[in-house]
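In the block that follows, a single chain appears as structure tokens, in the form predicted on its own.
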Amino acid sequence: MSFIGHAASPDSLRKYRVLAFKGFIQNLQYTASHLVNSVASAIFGVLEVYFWLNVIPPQGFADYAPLTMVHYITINQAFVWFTQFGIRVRTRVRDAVRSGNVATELMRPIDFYAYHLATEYGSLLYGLLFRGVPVALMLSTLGFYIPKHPATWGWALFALLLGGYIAAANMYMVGLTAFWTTEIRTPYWVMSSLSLGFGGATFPLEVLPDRLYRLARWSPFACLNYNPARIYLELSGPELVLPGLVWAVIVTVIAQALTKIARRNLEVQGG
């Protein structure tokens, strides 16, 4: 966690803002193709809504009446572009290792982990604004929930920002496996499966069997979509922000520890 104190200085914060801005504007040249992706995502969302309307009982289940389920699906079709889809940090780290550029990146006077996370965060913000919001607008005709209390917007956004950070950190660690392996597809698919299965992007976690529900509920993956959606839909209060804060610290510590191990591995190999 040593980078946190360093990152808190004004100069460092300015560097990370610049990196995030660059990650944001790099995507602007692909806006047309992203619009096509958004339309495809909206179509998938429509199919998902009608699937759930046909399988849940009229009285609903847990906290989810049929209309609530529609709201859950539509908001997560927007959130998913910030916490699941479009994360590329793993490929940037992998490509840097394969090309040898990682040696130069590690020599820069900026924390390697924070450098990649800041760039990725800017890209994720672009995804939320230019891909997630259009999807939400396209699905709004099916039913879109508007929170009744103004504070809900702030808590839901805070939870979502934490979820995006956790997702990016997880994929950063997937990219780090390139220091030891020639192919990162296996850890990527494992992480993606856990994120989608336990993240609540396509269904509430209450759908899972009781033991899996308890496991998923307290995993970092629930912070990606499930917790922000619950807060936004006012099914839960701001207390669901706390798991995101805890897991953000945990994944940061693990990612920094793995980065140090990877650096030592590179130096031992003569990189």
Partner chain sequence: MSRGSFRRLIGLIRLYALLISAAVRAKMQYKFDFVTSTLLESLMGAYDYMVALAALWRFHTVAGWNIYEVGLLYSVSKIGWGLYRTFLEEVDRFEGYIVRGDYDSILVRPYPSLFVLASRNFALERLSFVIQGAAVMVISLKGLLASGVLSLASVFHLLLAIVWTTLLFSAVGIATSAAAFVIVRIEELQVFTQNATSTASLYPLEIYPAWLRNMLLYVIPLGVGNYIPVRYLLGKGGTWLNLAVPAVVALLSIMLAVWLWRLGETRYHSTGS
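Keep in mind it's a predicted model, so treat the numbers as computed, not measured. Residue numbers count along the first chain shown, from 1.
Separately, the form predicted together with its partner chain exists; it is not shown, and the next lines address it.
- Taking a 4.5 Å heavy atom cutoff to its partner chain in the predicted bound form, the contact residue among 144, 153, 189, 180 is 189.
- The contact with its partner chain in the predicted bound form, taken as any heavy atom within 4.5 Å, belongs to 46 out of 46, 241, 216, 70.
- Exactly one of the stretches 144-152, 111-119, 158-166, 194-202 approaches its partner chain in the predicted bound form with heavy atoms within 4.5 Å, and it is 194-202.
- Using a 4.5 angstroms limit between non-hydrogen atoms, residue 236 is distant from its partner chain in the predicted bound form.
- In the predicted bound form, at least one heavy atom of residue 206 sits within 4.5 Å of a heavy atom of its partner chain.
- Although the partner is absent here, residue 245 sits far enough away that none of its heavy atoms falls within 4.5 Å of its partner chain in the predicted bound form.
- Contact check for residue 40: a non-hydrogen atom falls within 4.5 Å of its partner chain in the predicted bound form.
- For the partner-free chain shown, 51, 52, 54, 55, 56, 57, 61 of 51-68 come within 4.5 angstroms of its partner chain in the predicted bound form, judged by any non-hydrogen atom.
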